[in-house]
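Presented below, as C-alpha coordinates, is a lone chain in the form predicted on its own.
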(Lines give C-alpha, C1' and ligand atoms only; values in the text may rest on other atoms or scores of the structure.)
Protein backbone atom coordinates (compact mmCIF):
# COMPACT_ATOMS: atom_id res chain seq x y z
CA UNK A 1 0.00 0.00 0.00
CA UNK A 2 2.81 2.42 0.90
CA UNK A 3 4.63 1.63 -2.36
CA UNK A 4 1.43 2.34 -4.27
CA UNK A 5 1.10 5.74 -2.62
CA UNK A 6 4.73 6.60 -3.36
CA UNK A 7 5.05 5.30 -6.90
CA UNK A 8 1.55 4.54 -8.16
CA UNK A 9 -1.08 6.59 -9.94
CA UNK A 10 -2.12 8.29 -6.72
CA UNK A 11 1.41 9.62 -6.27
CA UNK A 12 1.50 10.79 -9.89
CA UNK A 13 -1.85 12.54 -9.48
CA UNK A 14 -0.72 14.28 -6.27
CA UNK A 15 2.54 15.33 -7.93
CA UNK A 16 0.70 16.86 -10.88
CA UNK A 17 -1.70 18.72 -8.58
CA UNK A 18 1.12 20.10 -6.41
CA UNK A 19 3.23 21.06 -9.41
CA UNK A 20 0.22 22.76 -11.02
CA UNK A 21 -0.36 24.87 -7.91
CA UNK A 22 3.31 25.90 -7.76
CA UNK A 23 3.38 26.72 -11.48
CA UNK A 24 0.16 28.74 -11.17
CA UNK A 25 1.61 30.82 -8.34
CA UNK A 26 4.89 31.37 -10.20
CA UNK A 27 2.98 32.30 -13.37
CA UNK A 28 0.93 34.87 -11.46
CA UNK A 29 4.13 36.36 -9.98
CA UNK A 30 5.78 36.40 -13.42
CA UNK A 31 2.82 38.28 -14.93
CA UNK A 32 2.90 40.79 -12.07
CA UNK A 33 6.67 41.30 -12.51
CA UNK A 34 6.26 41.78 -16.27
CA UNK A 35 3.45 44.29 -15.74
CA UNK A 36 5.74 46.29 -13.43
CA UNK A 37 8.55 46.13 -16.04
CA UNK A 38 10.72 43.90 -13.86
CA UNK A 39 11.76 41.88 -16.88
CA UNK A 40 14.70 40.07 -15.26
CA UNK A 41 12.49 38.74 -12.45
CA UNK A 42 9.78 37.79 -14.94
CA UNK A 43 12.32 35.92 -17.10
CA UNK A 44 13.73 34.06 -14.09
CA UNK A 45 10.26 33.00 -12.99
CA UNK A 46 9.43 31.85 -16.51
CA UNK A 47 12.64 29.78 -16.65
CA UNK A 48 11.82 28.38 -13.21
CA UNK A 49 8.42 27.21 -14.46
CA UNK A 50 10.06 25.59 -17.49
CA UNK A 51 12.76 23.82 -15.43
CA UNK A 52 10.27 22.55 -12.83
CA UNK A 53 7.96 21.22 -15.51
CA UNK A 54 10.73 19.43 -17.43
CA UNK A 55 12.34 18.04 -14.27
CA UNK A 56 9.28 16.63 -12.54
CA UNK A 57 7.09 15.60 -15.47
CA UNK A 58 9.83 13.80 -17.40
CA UNK A 59 12.65 11.36 -16.62
CA UNK A 60 15.47 13.54 -17.93
CA UNK A 61 17.50 13.19 -14.73
CA UNK A 62 16.58 11.57 -11.44
CA UNK A 63 19.27 13.39 -9.35
CA UNK A 64 18.06 16.70 -10.78
CA UNK A 65 14.72 16.22 -9.04
CA UNK A 66 16.53 16.59 -5.71
CA UNK A 67 18.92 19.38 -6.71
CA UNK A 68 16.59 21.71 -8.62
CA UNK A 69 14.84 23.33 -5.60
CA UNK A 70 18.17 24.11 -3.92
CA UNK A 71 19.73 25.41 -7.15
CA UNK A 72 16.77 27.70 -7.85
CA UNK A 73 16.74 29.05 -4.29
CA UNK A 74 20.52 29.58 -4.45
CA UNK A 75 20.14 31.62 -7.64
CA UNK A 76 17.17 33.61 -6.33
CA UNK A 77 18.40 34.46 -2.83
CA UNK A 78 22.21 34.29 -3.05
CA UNK A 79 23.50 34.82 -6.57
CA UNK A 80 20.68 37.23 -7.49
CA UNK A 81 21.35 39.72 -4.67
CA UNK A 82 25.12 39.47 -5.28
CA UNK A 83 24.72 40.27 -8.98
CA UNK A 84 22.29 43.09 -8.16
CA UNK A 85 24.76 44.57 -5.67
CA UNK A 86 27.58 44.35 -8.22
CA UNK A 87 25.39 46.05 -10.82
CA UNK A 88 24.20 48.85 -8.53
CA UNK A 89 27.77 49.58 -7.40
CA UNK A 90 28.41 50.84 -10.94
CA UNK A 91 25.42 53.23 -10.90
CA UNK A 92 24.71 56.72 -9.65
CA UNK A 93 22.00 55.35 -7.38
CA UNK A 94 21.19 57.65 -4.46
CA UNK A 95 18.61 60.09 -3.13
CA UNK A 96 17.42 62.09 -6.13
CA UNK A 97 18.56 59.38 -8.55
CA UNK A 98 16.31 56.45 -7.65
CA UNK A 99 13.74 56.19 -10.42
CA UNK A 100 14.05 55.47 -14.14
CA UNK A 101 14.72 58.17 -16.73
CA UNK A 102 11.17 58.01 -18.12
CA UNK A 103 9.71 58.54 -14.64
CA UNK A 104 12.17 61.38 -13.99
CA UNK A 105 11.08 63.23 -17.14
CA UNK A 106 7.43 62.96 -16.11
CA UNK A 107 8.17 64.29 -12.62
CA UNK A 108 10.36 67.14 -13.88
CA UNK A 109 7.58 68.30 -16.19
CA UNK A 110 5.06 68.04 -13.36
CA UNK A 111 7.25 70.05 -10.99
CA UNK A 112 8.39 72.63 -13.54
CA UNK A 113 5.70 75.20 -12.80
CA UNK A 114 5.96 78.51 -11.00
CA UNK A 115 3.49 81.11 -9.79
CA UNK A 116 2.81 83.94 -12.21
CA UNK A 117 4.61 87.17 -11.18
CA UNK A 118 1.22 88.90 -10.88
CA UNK A 119 0.42 86.73 -7.84
CA UNK A 120 -3.22 86.30 -8.87
CA UNK A 121 -5.22 83.64 -7.02
CA UNK A 122 -8.83 82.42 -7.18
CA UNK A 123 -11.42 80.84 -4.94
CA UNK A 124 -12.53 77.62 -6.60
CA UNK A 125 -15.16 74.94 -6.49
CA UNK A 126 -14.35 71.48 -7.81
CA UNK A 127 -16.76 69.79 -10.16
CA UNK A 128 -17.40 68.71 -13.74
CA UNK A 129 -18.45 70.41 -16.96
CA UNK A 130 -19.74 68.34 -19.89
CA UNK A 131 -18.49 65.24 -18.03
CA UNK A 132 -14.89 66.53 -17.72
CA UNK A 133 -13.00 67.66 -14.64
CA UNK A 134 -13.47 71.39 -14.16
CA UNK A 135 -13.32 74.18 -11.61
CA UNK A 136 -15.67 77.07 -10.97
CA UNK A 137 -13.28 79.97 -10.25
CA UNK A 138 -14.14 83.26 -8.57
CA UNK A 139 -12.15 86.50 -8.55
CA UNK A 140 -14.02 88.06 -5.64
CA UNK A 141 -12.19 91.42 -5.85
CA UNK A 142 -13.22 91.93 -9.52
CA UNK A 143 -16.52 90.00 -9.32
CA UNK A 144 -15.40 87.82 -12.24
CA UNK A 145 -16.35 84.16 -12.58
CA UNK A 146 -15.51 81.42 -15.07
CA UNK A 147 -15.48 77.66 -15.60
CA UNK A 148 -12.06 76.24 -16.46
CA UNK A 149 -11.15 72.79 -17.76
CA UNK A 150 -7.71 71.51 -18.83
CA UNK A 151 -8.48 72.63 -22.42
CA UNK A 152 -10.85 75.60 -22.21
CA UNK A 153 -12.03 78.59 -20.15
CA UNK A 154 -15.66 79.78 -20.20
CA UNK A 155 -16.48 83.18 -18.62
CA UNK A 156 -19.76 83.27 -16.64
CA UNK A 157 -21.84 86.38 -16.07
CA UNK A 158 -22.23 87.45 -12.44
CA UNK A 159 -26.00 87.11 -12.70
CA UNK A 160 -25.74 83.43 -13.71
CA UNK A 161 -23.95 82.20 -10.61
CA UNK A 162 -25.01 81.55 -7.04
CA UNK A 163 -22.76 83.10 -4.42
CA UNK A 164 -22.14 82.13 -0.82
CA UNK A 165 -21.77 84.60 2.05
CA UNK A 166 -18.18 85.36 1.01
CA UNK A 167 -19.05 86.16 -2.57
CA UNK A 168 -17.64 82.88 -3.93
CA UNK A 169 -19.56 81.19 -6.74
CA UNK A 170 -20.92 77.77 -5.76
CA UNK A 171 -23.21 77.00 -8.73
CA UNK A 172 -23.20 77.96 -12.40
CA UNK A 173 -24.79 76.80 -15.67
CA UNK A 174 -23.22 73.67 -17.17
CA UNK A 175 -21.29 73.03 -13.96
CA UNK A 176 -21.91 70.22 -11.46
CA UNK A 177 -20.12 70.42 -8.11
CA UNK A 178 -18.57 67.27 -6.65
CA UNK A 179 -20.59 65.41 -4.05
CA UNK A 180 -19.18 64.54 -0.65
CA UNK A 181 -18.52 60.94 -1.73
CA UNK A 182 -16.64 62.11 -4.85
CA UNK A 183 -14.22 64.19 -2.79
CA UNK A 184 -12.53 60.98 -1.59
CA UNK A 185 -10.69 60.58 -4.91
CA UNK A 186 -10.58 64.26 -5.82
CA UNK A 187 -7.02 64.90 -4.62
CA UNK A 188 -5.21 62.45 -6.90
CA UNK A 189 -7.41 63.36 -9.88
CA UNK A 190 -7.55 67.17 -9.70
CA UNK A 191 -4.16 67.97 -8.13
CA UNK A 192 -2.27 66.69 -11.20
CA UNK A 193 -4.27 68.78 -13.71
CA UNK A 194 -3.67 72.30 -15.01
CA UNK A 195 -6.83 74.29 -15.67
CA UNK A 196 -6.79 76.73 -18.58
CA UNK A 197 -6.65 80.51 -18.00
CA UNK A 198 -5.20 82.38 -20.98
CA UNK A 199 -2.10 82.17 -23.14
CA UNK A 200 0.56 80.04 -21.46
CA UNK A 201 -0.83 80.54 -17.97
CA UNK A 202 -3.05 78.11 -16.11
CA UNK A 203 -4.54 77.60 -12.66
CA UNK A 204 -2.76 75.17 -10.35
CA UNK A 205 -4.71 73.98 -7.32
CA UNK A 206 -3.63 74.62 -3.77
CA UNK A 207 -6.00 72.42 -1.83
CA UNK A 208 -9.69 72.06 -2.71
CA UNK A 209 -10.71 75.71 -2.33
CA UNK A 210 -7.94 77.82 -3.87
CA UNK A 211 -6.05 78.05 -7.16
CA UNK A 212 -2.98 80.07 -8.15
CA UNK A 213 -2.28 81.54 -11.56
CA UNK A 214 0.84 79.69 -12.75
CA UNK A 215 2.94 79.07 -15.82
CA UNK A 216 5.12 76.25 -17.10
CA UNK A 217 8.80 76.95 -16.43
CA UNK A 218 10.31 74.14 -18.50
CA UNK A 219 9.51 72.49 -21.81
CA UNK A 220 10.70 69.01 -22.76
CA UNK A 221 12.10 68.58 -26.29
CA UNK A 222 11.84 64.85 -27.13
CA UNK A 223 13.74 65.13 -30.43
CA UNK A 224 16.94 66.32 -28.74
CA UNK A 225 16.24 64.89 -25.25
CA UNK A 226 16.56 68.31 -23.63
CA UNK A 227 14.64 70.63 -21.33
CA UNK A 228 14.31 74.27 -22.37
CA UNK A 229 13.56 77.01 -19.87
CA UNK A 230 10.51 79.03 -20.92
CA UNK A 231 11.75 81.86 -18.71
CA UNK A 232 15.27 82.54 -20.02
CA UNK A 233 15.66 80.00 -22.84
CA UNK A 234 18.51 78.04 -21.21
CA UNK A 235 18.94 74.41 -22.23
CA UNK A 236 19.35 71.49 -19.83
CA UNK A 237 21.02 68.41 -21.34
CA UNK A 238 21.63 64.85 -20.13
CA UNK A 239 24.98 65.01 -18.30
CA UNK A 240 25.54 61.24 -18.50
CA UNK A 241 25.29 60.90 -14.73
CA UNK A 242 21.54 60.70 -14.30
CA UNK A 243 20.54 64.39 -14.41
CA UNK A 244 19.71 67.18 -16.81
CA UNK A 245 22.13 70.05 -16.26
CA UNK A 246 23.33 73.25 -17.89
CA UNK A 247 26.31 72.59 -20.21
CA UNK A 248 28.35 75.43 -18.68
CA UNK A 249 27.33 74.77 -15.05
CA UNK A 250 27.28 71.10 -14.05
CA UNK A 251 25.97 71.97 -10.58
CA UNK A 252 22.74 73.45 -12.02
CA UNK A 253 20.71 70.25 -12.34
CA UNK A 254 17.03 69.39 -12.59
CA UNK A 255 15.52 67.07 -10.01
CA UNK A 256 14.69 64.32 -9.74
CA UNK A 257 17.36 62.42 -11.62
CA UNK A 258 17.51 58.75 -12.54
CA UNK A 259 19.76 55.73 -12.11
CA UNK A 260 22.65 56.05 -14.53
CA UNK A 261 25.87 54.03 -14.96
CA UNK A 262 29.03 55.72 -13.69
CA UNK A 263 31.08 52.49 -13.81
CA UNK A 264 33.97 52.54 -11.32
CA UNK A 265 33.41 56.02 -9.90
CA UNK A 266 31.94 54.70 -6.64
CA UNK A 267 35.07 52.61 -6.10
CA UNK A 268 37.47 55.44 -6.92
CA UNK A 269 35.45 57.74 -4.66
CA UNK A 270 36.24 55.47 -1.71
CA UNK A 271 39.97 56.16 -2.13
CA UNK A 272 40.01 59.67 -3.61
CA UNK A 273 37.23 61.50 -1.74
CA UNK A 274 38.53 62.54 1.69
CA UNK A 275 34.97 62.78 3.04
CA UNK A 276 34.52 59.06 2.37
CA UNK A 277 38.09 57.82 2.76
CA UNK A 278 38.76 59.38 6.18
CA UNK A 279 35.83 57.83 8.08
CA UNK A 280 36.17 54.57 6.15
CA UNK A 281 39.80 54.06 7.20
CA UNK A 282 38.93 54.65 10.87
CA UNK A 283 35.94 52.34 10.66
CA UNK A 284 38.02 49.64 8.94
CA UNK A 285 40.73 49.76 11.63
CA UNK A 286 38.15 49.50 14.41
CA UNK A 287 36.37 46.66 12.57
CA UNK A 288 39.57 44.60 12.42
CA UNK A 289 40.38 45.38 16.07
CA UNK A 290 36.84 44.54 17.17
CA UNK A 291 36.66 41.23 15.27
CA UNK A 292 40.14 40.18 16.38
CA UNK A 293 39.59 41.13 20.04
CA UNK A 294 36.24 39.37 20.07
CA UNK A 295 37.64 36.12 18.69
CA UNK A 296 40.63 36.14 21.05
CA UNK A 297 38.65 36.97 24.21
CA UNK A 298 35.75 34.61 23.54
CA UNK A 299 38.06 31.76 22.55
CA UNK A 300 40.32 32.32 25.57
CA UNK A 301 37.45 32.40 28.06
CA UNK A 302 35.63 29.49 26.43
CA UNK A 303 38.79 27.38 26.37
CA UNK A 304 39.64 28.27 29.98
CA UNK A 305 36.19 27.16 31.17
CA UNK A 306 36.37 24.03 29.03
CA UNK A 307 39.72 23.09 30.58
CA UNK A 308 38.39 23.75 34.07
CA UNK A 309 35.26 21.65 33.55
CA UNK A 310 37.08 18.91 31.67
CA UNK A 311 38.18 17.57 35.04
CA UNK A 312 35.82 15.50 37.21
CA UNK A 313 34.40 17.96 39.75
CA UNK A 314 31.17 17.88 41.74
CA UNK A 315 28.21 19.62 40.00
CA UNK A 316 29.93 19.70 36.62
CA UNK A 317 26.67 19.18 34.72
CA UNK A 318 25.01 22.08 36.53
CA UNK A 319 27.95 24.36 35.75
CA UNK A 320 27.87 23.35 32.11
CA UNK A 321 24.13 24.08 31.88
CA UNK A 322 24.62 27.53 33.43
CA UNK A 323 27.47 28.39 31.05
CA UNK A 324 25.35 27.55 28.01
CA UNK A 325 22.47 29.84 29.06
CA UNK A 326 23.83 33.02 27.36
CA UNK A 327 24.09 31.06 24.11
CA UNK A 328 20.55 29.71 24.48
CA UNK A 329 18.95 33.13 24.97
CA UNK A 330 18.03 35.18 21.87
CA UNK A 331 20.92 37.54 21.15
CA UNK A 332 18.59 40.49 20.50
CA UNK A 333 17.12 40.18 23.99
CA UNK A 334 20.56 39.85 25.59
CA UNK A 335 21.92 42.90 23.75
CA UNK A 336 18.97 45.07 24.78
CA UNK A 337 19.28 43.93 28.40
CA UNK A 338 22.99 44.76 28.42
CA UNK A 339 22.18 48.14 26.87
CA UNK A 340 20.00 48.90 29.87
CA UNK A 341 22.64 47.65 32.29
CA UNK A 342 25.17 50.11 30.83
CA UNK A 343 22.79 53.05 31.30
CA UNK A 344 24.68 55.95 32.87
CA UNK A 345 22.09 56.94 35.50
CA UNK A 346 20.06 53.79 36.19
CA UNK A 347 22.21 50.95 34.85
CA UNK A 348 23.24 48.01 37.01
CA UNK A 349 26.92 48.32 36.03
CA UNK A 350 27.39 51.82 37.44
CA UNK A 351 25.21 51.03 40.45
CA UNK A 352 27.20 47.89 41.25
CA UNK A 353 30.60 49.58 41.09
CA UNK A 354 29.50 52.97 42.40
CA UNK A 355 30.61 54.79 39.25
CA UNK A 356 29.01 57.32 36.92
CA UNK A 357 30.63 56.30 33.66
CA UNK A 358 28.88 57.52 30.50
CA UNK A 359 29.42 54.23 28.69
CA UNK A 360 27.84 55.18 25.38
CA UNK A 361 29.00 58.82 25.33
CA UNK A 362 32.74 58.22 25.52
CA UNK A 363 34.32 56.45 22.49
CA UNK A 364 36.72 54.30 24.55
CA UNK A 365 34.12 53.17 27.06
CA UNK A 366 31.61 52.50 24.27
CA UNK A 367 34.14 50.24 22.49
CA UNK A 368 34.92 48.46 25.75
CA UNK A 369 31.20 47.90 26.35
CA UNK A 370 30.78 46.44 22.87
CA UNK A 371 33.63 43.96 23.41
CA UNK A 372 32.36 42.97 26.88
CA UNK A 373 28.84 42.32 25.65
CA UNK A 374 30.14 40.31 22.71
CA UNK A 375 32.32 38.33 25.13
CA UNK A 376 29.18 37.42 27.07
CA UNK A 377 27.39 36.40 23.88
CA UNK A 378 30.28 34.48 22.34
CA UNK A 379 32.12 32.55 25.05
CA UNK A 380 29.46 29.76 25.41
CA UNK A 381 29.95 28.85 21.75
CA UNK A 382 33.70 28.45 22.17
CA UNK A 383 33.19 26.65 25.47
CA UNK A 384 31.03 24.05 23.72
CA UNK A 385 33.34 23.47 20.76
CA UNK A 386 36.46 23.51 22.96
CA UNK A 387 34.90 20.91 25.25
CA UNK A 388 34.17 18.68 22.30
CA UNK A 389 37.64 19.17 20.85
CA UNK A 390 39.32 18.31 24.18
CA UNK A 391 37.42 15.04 24.19
CA UNK A 392 38.81 14.28 20.72
CA UNK A 393 42.46 14.63 21.76
CA UNK A 394 43.87 11.14 22.51
CA UNK A 395 44.68 10.82 26.18
CA UNK A 396 47.71 8.66 25.27
CA UNK A 397 49.51 11.75 23.95
CA UNK A 398 49.05 13.61 27.20
CA UNK A 399 50.08 10.61 29.28
CA UNK A 400 53.19 10.04 27.16
CA UNK A 401 54.19 13.69 27.56
CA UNK A 402 53.73 13.48 31.33
CA UNK A 403 55.85 10.34 31.50
CA UNK A 404 58.58 12.15 29.54
CA UNK A 405 58.66 14.78 32.26
CA UNK A 406 56.52 17.57 30.74
CA UNK A 407 54.65 19.72 33.26
CA UNK A 408 50.96 20.71 32.72
CA UNK A 409 51.89 24.08 31.16
CA UNK A 410 54.24 22.45 28.68
CA UNK A 411 51.65 19.81 27.81
CA UNK A 412 49.07 22.53 27.15
CA UNK A 413 51.45 24.74 25.15
CA UNK A 414 53.13 22.01 23.11
CA UNK A 415 50.34 19.46 22.62
CA UNK A 416 46.86 20.53 23.67
CA UNK A 417 46.78 24.04 22.18
CA UNK A 418 48.33 23.15 18.78
CA UNK A 419 45.91 20.26 18.34
CA UNK A 420 42.98 22.47 19.37
CA UNK A 421 43.99 25.20 16.93
CA UNK A 422 44.25 22.67 14.12
CA UNK A 423 40.77 21.40 14.90
CA UNK A 424 39.19 24.79 15.59
CA UNK A 425 40.90 26.92 12.92
CA UNK A 426 37.88 26.90 10.53
CA UNK A 427 35.58 27.86 13.41
CA UNK A 428 37.90 30.67 14.55
CA UNK A 429 37.99 32.01 11.00
CA UNK A 430 34.21 31.72 10.72
CA UNK A 431 33.83 33.58 14.03
CA UNK A 432 36.13 36.34 12.76
CA UNK A 433 34.08 36.66 9.55
CA UNK A 434 30.83 36.73 11.55
CA UNK A 435 32.05 39.46 13.92
CA UNK A 436 33.49 41.42 11.00
CA UNK A 437 29.85 41.83 9.96
CA UNK A 438 28.17 41.72 13.39
CA UNK A 439 25.53 44.31 12.56
CA UNK A 440 23.00 43.37 15.26
CA UNK A 441 25.36 44.02 18.17
CA UNK A 442 26.46 47.46 16.99
CA UNK A 443 23.03 48.60 15.83
CA UNK A 444 21.15 47.49 18.96
CA UNK A 445 23.76 48.35 21.61
CA UNK A 446 25.31 51.66 20.55
CA UNK A 447 23.81 52.48 17.16
CA UNK A 448 27.40 52.98 16.01
CA UNK A 449 27.86 55.94 18.33
CA UNK A 450 28.99 58.07 19.89
CA UNK A 451 29.33 60.52 17.00
CA UNK A 452 29.10 64.28 16.50
CA UNK A 453 25.89 64.70 14.51
CA UNK A 454 26.18 68.49 14.54
CA UNK A 455 29.31 68.22 12.38
CA UNK A 456 27.50 65.94 9.95
CA UNK A 457 29.42 62.82 10.94
CA UNK A 458 27.95 59.57 9.65
CA UNK A 459 30.46 57.14 11.16
CA UNK A 460 30.50 56.77 14.93
CA UNK A 461 33.21 55.49 17.25
CA UNK A 462 31.81 51.94 17.39
CA UNK A 463 30.63 51.67 13.80
CA UNK A 464 32.01 48.70 11.92
CA UNK A 465 32.05 48.48 8.13
CA UNK A 466 28.63 46.88 7.81
CA UNK A 467 26.87 49.40 10.09
CA UNK A 468 28.69 52.29 8.37
CA UNK A 469 27.54 50.93 5.01
CA UNK A 470 23.98 50.70 6.32
CA UNK A 471 24.09 54.36 7.36
CA UNK A 472 25.36 55.39 3.93
CA UNK A 473 22.54 53.44 2.30
CA UNK A 474 19.65 54.20 4.66
CA UNK A 475 20.70 56.11 7.76
CA UNK A 476 21.28 59.68 6.60
CA UNK A 477 19.52 62.43 4.69
CA UNK A 478 21.25 61.44 1.45
CA UNK A 479 20.98 57.73 0.82
CA UNK A 480 23.81 56.68 -1.49
CA UNK A 481 22.91 53.12 -2.42
CA UNK A 482 25.50 52.91 -5.20
CA UNK A 483 28.38 53.81 -2.87
CA UNK A 484 27.03 51.45 -0.20
CA UNK A 485 26.95 48.63 -2.78
CA UNK A 486 30.59 49.32 -3.68
CA UNK A 487 31.64 49.23 0.00
CA UNK A 488 29.65 46.01 0.48
CA UNK A 489 31.61 44.34 -2.29
CA UNK A 490 34.88 45.51 -0.76
CA UNK A 491 33.77 44.02 2.57
CA UNK A 492 33.00 40.76 0.80
CA UNK A 493 36.44 40.67 -0.83
CA UNK A 494 38.17 41.49 2.46
CA UNK A 495 36.34 38.83 4.47
CA UNK A 496 36.78 36.23 1.73
CA UNK A 497 40.50 37.02 1.40
CA UNK A 498 41.16 36.94 5.15
CA UNK A 499 39.21 33.72 5.53
CA UNK A 500 40.97 32.04 2.62
CA UNK A 501 44.38 33.16 3.90
CA UNK A 502 43.59 31.82 7.37
CA UNK A 503 42.44 28.48 6.00
CA UNK A 504 45.56 28.10 3.87
CA UNK A 505 47.85 29.00 6.75
CA UNK A 506 46.12 26.54 9.08
CA UNK A 507 46.48 23.84 6.37
CA UNK A 508 43.09 22.50 7.37
CA UNK A 509 42.16 22.07 3.72
CA UNK A 510 45.14 19.77 3.13
CA UNK A 511 43.20 16.92 4.69
CA UNK A 512 40.64 17.18 1.86
CA UNK A 513 43.25 17.05 -0.90
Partner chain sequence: MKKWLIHDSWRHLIGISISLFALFPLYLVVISSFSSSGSLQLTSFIPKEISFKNFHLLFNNPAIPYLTWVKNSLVIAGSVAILSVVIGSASAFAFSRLAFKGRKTGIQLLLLVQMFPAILAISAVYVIMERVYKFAPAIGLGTQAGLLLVYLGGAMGVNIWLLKGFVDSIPAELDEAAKIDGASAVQTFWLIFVPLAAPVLAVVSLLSFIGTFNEFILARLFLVDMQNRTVAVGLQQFIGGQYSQNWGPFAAGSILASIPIVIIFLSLQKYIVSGLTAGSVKG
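Positions refer to the first chain, counted from 1. Just so we're on the same page, rigid core means the largest C-alpha set that superposes within 1.5 Å between forms. Everything numeric here is computed off the predicted structure, so don't read it as measured data.
The same protein also has a form predicted together with its partner chain, omitted here; what follows describes it.
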Where, among 312-320, 147-155, 267-275, 229-237, do residues come within 4.5 Å of its partner chain in the predicted bound form by heavy atom distance? 312-320
In the predicted bound form, does residue 351 have a heavy atom within 4.5 Å of its partner chain? yes
Taking the shortest heavy atom distance, is residue 443 within 4.5 Å of its partner chain in the predicted bound form? yes
Taking any heavy atom pair closer than or equal to 4.5 Å as contact, tell me whether residue 66 reaches its partner chain in the predicted bound form. yes
Is residue 48 near its partner chain? Define near as a heavy atom within 4.5 Å, in the predicted bound form. no
Candidate from 384, 400, 115, 289 lying within 4.5 Å of its partner chain in the predicted bound form - any heavy atom: 384
Just one of 363, 326, 408, 261 has a heavy atom within 4.5 Å of its partner chain in the predicted bound form. Which one? 326
Neighbours of its partner chain in the predicted bound form among 97-117 [non-hydrogen atom within 4.5 angstroms]: none
Does residue 367 show a Cα shift reaching 2 Å between this form and the one not shown after rigid-core superposition? no
Examine residue 262 after superposing the rigid core and state whether its CA is displaced by 2 Å or more between this form and the one not shown. no
Superposing on the rigid core, does the Cα of residue 383 end up 2 Å or more away between this form and the one not shown? yes
